[in-house]
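Before any questions on how it binds or moves, here is one chain, the form predicted alone, in structure tokens.
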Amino acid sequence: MKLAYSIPNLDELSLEDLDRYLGILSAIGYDGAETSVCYGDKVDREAVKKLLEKHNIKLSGLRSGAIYDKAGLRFTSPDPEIRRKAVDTLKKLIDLAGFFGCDILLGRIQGLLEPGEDLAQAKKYIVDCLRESSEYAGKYGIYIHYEPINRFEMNYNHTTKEMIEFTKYINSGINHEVRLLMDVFHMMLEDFSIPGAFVRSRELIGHVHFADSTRDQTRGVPGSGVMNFKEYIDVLDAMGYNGWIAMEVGLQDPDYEWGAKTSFNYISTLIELCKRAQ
């Protein structure tokens, strides 16, 4: 299992700031950095590549939520022009991900349903958009990882169970499959058992997000809340998962370095304990 930590949006970072963030993560011992991008064609890919090579850091994935949050584009829009723009903007992000050899992380680009919009019709739009996008990703040999999102952030597609069924249906009509992004924060709010959800999703799981939670905070560093990360790592290891575990926690400076280091020390220790127990 490879560890990554979030950095701010790549298409908004200066190269100087990117150099600083990657330096922090490299010094701590991370394998990867994870970021969000809205406009993939606005990233100086060659300059970013040089900085990644300088610090021996890979991109663990490119999150696509900014396409909805910043550009206002969504797969579920009743307007076909907006759906077309959403797919075309995502394809530019896929081009960028293909250059870096990393995958696409997708959830919020589905978009919140507006009052009066029909869920069944909206899901048909998602199917069409995702099938086209996944086939496009296939030409680079990369994957789209589709995320169940909790009820407080999205008004449909919440549980692992329903997302497994929906993703299998999407995959039934394409040659290049969509995989699942499993985020323990969303799983805590929607699934009866996080280990059970991992096991049920084992044939589709492609990417994992870790963040802790307490009654007073959300998306804290692992080890600061109620999550049983040792149990999650044991289950993932037993399943043979060898992909990315990315920490999707708060990015507030000046606590960034502390959060990255604390997360790494805690999770890497648990992974080592899992290895010793074998």
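Residues carry their position along the shown sequence, with the first being 1. These numbers were taken from a predicted model, which means no experiment stands behind them.
Form predicted together with L-Erythrulose: not shown, discussed below.
Although the partner is absent from the chain shown here, none of 88, 139 and 176 has a heavy atom within 4.5 Å of L-Erythrulose in the predicted bound form.
Partner contacts here mean any heavy atom within 4.5 Å of L-Erythrulose in the predicted bound form, and among 146-154, 167-175, 187-195, 119-127 they occur only in 146-154. Taking non-hydrogen atoms only, residue 183 approaches L-Erythrulose to within 4.5 angstroms in the predicted bound form. Contact annotation for residue 219: at least one heavy atom lies within 4.5 Å of L-Erythrulose in the predicted bound form. Although the partner is absent here, residue 108 sits close enough that one of its heavy atoms falls within 4.5 Å of L-Erythrulose in the predicted bound form. At a distance threshold of 4.5 angstroms between non-hydrogen atoms, residue 248 is in contact with L-Erythrulose in the predicted bound form. Residues from 192-210 that approach L-Erythrulose in the predicted bound form with a non-hydrogen atom within 4.5 Å are limited to 209.
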